[in-house]
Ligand SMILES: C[S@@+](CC[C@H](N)C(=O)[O-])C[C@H]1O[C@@H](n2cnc3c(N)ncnc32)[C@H](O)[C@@H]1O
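One chain follows as structure tokens, the form predicted alone.
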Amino acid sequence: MAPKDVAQNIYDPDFVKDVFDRCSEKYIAFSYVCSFGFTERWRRQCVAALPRTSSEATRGYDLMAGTGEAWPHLLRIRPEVEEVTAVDISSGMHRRAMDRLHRHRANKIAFIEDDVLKSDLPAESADFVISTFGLKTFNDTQLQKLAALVSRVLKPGGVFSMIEASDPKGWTFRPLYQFHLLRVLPMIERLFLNGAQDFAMIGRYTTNFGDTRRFAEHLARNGLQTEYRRYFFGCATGVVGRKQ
């Protein structure tokens, strides 16, 4: 069960880890069904948006990798990828990734269980960085630290692409989208997941997050060429770019 004290700091790494460890067994099915398949489409679009590099073989990081649902797209679209190092605070999510999706890709997937903001990733060690649906679990101060980390780990010429569910302000159907996130998803969880409250946090994180424009500004301040992108009327937004 989720903690009863939801007033606690939802951006505390221990809180985030507990939420996603508990979510891990049903995360793949729940996110796909309740997003009407859009999460899968957006992951594919995020990977497709990753700029090209001049390297014949590349290695990189999937930050806040979760269940690794971006990896099939990455390894299919970018056959030059030799290795992906997944970094995630939730060991449960990674176990689910390997058991459910990726055991046959184990030779290309390494895993670091860690709070990414405290991880000791080597400087200029990555040709690319991707991230799908992990940004919302950070507050603005944490996002500033993440932007600095992305800049530090990328090699000169390295590229990045990240995507996050967002608040589509200005869209005609935003009220329905908000109702789905904040009312329908918690109701489904209460009815079909024994009253758990963990997936309901997705809506709360998303509305608090807004969109990736602020994160794009942090990346640019760290010397990265950065482009902000919107997907499906702003229901998801992304950032792509390159380190010179």
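For every residue, the number given is its place in the sequence shown, counted from 1. These numbers come from a predicted model, not from an experiment.
Keep in mind that the form predicted in complex with this ligand is not shown, yet the notes after this line are about it.
Residue contact with this ligand in the model of the complex: G66 places a heavy atom within 4.5 Å of it.
With a 4.5 Å cutoff on heavy atoms, S166 does not count as touching this ligand in the model of the complex; it lies far away. Though the partner is left out of this view, R43 does reach within 4.5 Å of this ligand in the model of the complex, counting heavy atoms only.
In the model of the complex, at least one heavy atom of M93 sits within 4.5 Å of a heavy atom of this ligand. Remark: none of the three candidate residues (T53, D127 and L154) comes within 4.5 Å of this ligand in the model of the complex, counting heavy atoms only. This chain appears without its partner; in the model of the complex, the one residue of A97, V159, V84, I89 with a heavy atom within 4.5 Å of this ligand is I89.
Annotated contact segment (heavy atom within 4.5 Å of this ligand in the model of the complex): 58-66, selected among 44-52, 58-66, 172-180, 210-218. Counting a residue when any of its non-hydrogen atoms is within 4.5 Å of this ligand in the model of the complex, the hits in 112-143 run D114, D115, V116, T132, F133, G134, K136, T137, F138.
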